[in-house]
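This document opens with one chain alone, in structure tokens, the form predicted on its own.
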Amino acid sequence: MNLIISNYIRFFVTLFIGLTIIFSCSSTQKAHTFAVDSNKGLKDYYQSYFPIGVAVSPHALNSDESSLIKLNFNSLTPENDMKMEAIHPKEFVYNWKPADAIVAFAQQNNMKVRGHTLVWHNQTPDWIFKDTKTGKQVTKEVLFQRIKEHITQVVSHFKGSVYAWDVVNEVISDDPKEFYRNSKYLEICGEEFIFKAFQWAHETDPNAVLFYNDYNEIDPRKRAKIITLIKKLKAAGVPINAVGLQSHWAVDQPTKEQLENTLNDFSKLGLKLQITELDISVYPKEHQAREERAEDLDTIFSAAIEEKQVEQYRMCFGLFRKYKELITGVTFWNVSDRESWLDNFPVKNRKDYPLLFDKNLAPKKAYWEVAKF
């Protein structure tokens, strides 16, 4: 009897060891597969789907991030260097150098460039709203002339190099009681500035793809307002070609149902979509800046949080691929967890880990879920 029991024990121990070896080899093989694909980046995995882009600064292109950018992305968006405050700081002064450097890098590496952004309530210099002599608020006519001049100069400068523009950015209010966001543009010009901006951009470069770009698009109330605006523009014959969904999301949102409803609702407009500013925060999503709280002190990127982020990226890209006939590009907002705008928003100096590459520029688990499908 003891011999029989001993043989059983020996059998199960042998079986356990064998299975362990098999699974170990399987894991090793999977890791080895990733290693032999080291010359292949995100853009290659998505070659038959859509371009994969990233928001950059000239500094990033001259840092050790440069190789990672070249390998993984085939579309660039200047994060800040084409915004009015940066490129047109004074009425008769244009600062082309940083944006030109990004465009030159893109051309040298066969990448597309998205222009961001022509008209936005934020990062707009004060001079555009003030009378040169009196310092008082300008009239509608003067502001229209200045907006037109800005759009004409910027779009003309990059004509043939920038294939798409976020023409108007974030004019829809998050407040359920308001349609438009309150801004100096709206206060002085009314909604007409939105219509005119698209018109002037199209007149300057008829071949450019013109986007309306906004965030919090997964909220059904805000989404309905964005769709209403797009329909209004189309009905008025405004040359709008596409919609940009910023997609600043988090580990707790969107749900699969939210995202599918969002993509489905926008698909009915008859316009193409792009995911223009993608990141997935490890913190529950907030849209307003606020002071630090005690719970913000825990900024560890734990294994549990990472798994939530992995699942979120898996779900999002599964739906992006499903809607590949609608989506013409996916752009990440920043390169790696080394530096993200979310490190200072909504809470200043709170480290976030929202991207596919870690602080050492190594691919995270979420990277492989996006790449290996």
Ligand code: XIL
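Just count from 1 along the sequence shown to find any residue number. Quick caveat: nothing in here was measured; it's all calculated off a predicted structure.
This next part talks about the form predicted in complex with the ligand, which is not shown.
Partner contact region in the predicted complex: 113-121, out of 135-143, 113-121, 231-239, 283-291, criterion any non-hydrogen atom within 4.5 Å of the ligand. Contact annotation for residue 148: none of its heavy atoms lies within 4.5 Å of the ligand in the predicted complex. Under a 4.5 angstroms non-hydrogen atom cutoff, the ligand in the predicted complex has residue 170 among its neighbouring residues.
At the 4.5 Å threshold, heavy atoms of residue 277 reach the ligand in the predicted complex.
In the predicted complex, residue 79 approaches the ligand with a heavy atom inside 4.5 Å. For the three marked residues, 248, 333 and 341, a heavy atom of each sits within 4.5 Å of the ligand in the predicted complex.
Of the residues given (272, 184, 83, 223), 83 alone sits with a heavy atom within 4.5 Å of the ligand in the predicted complex.
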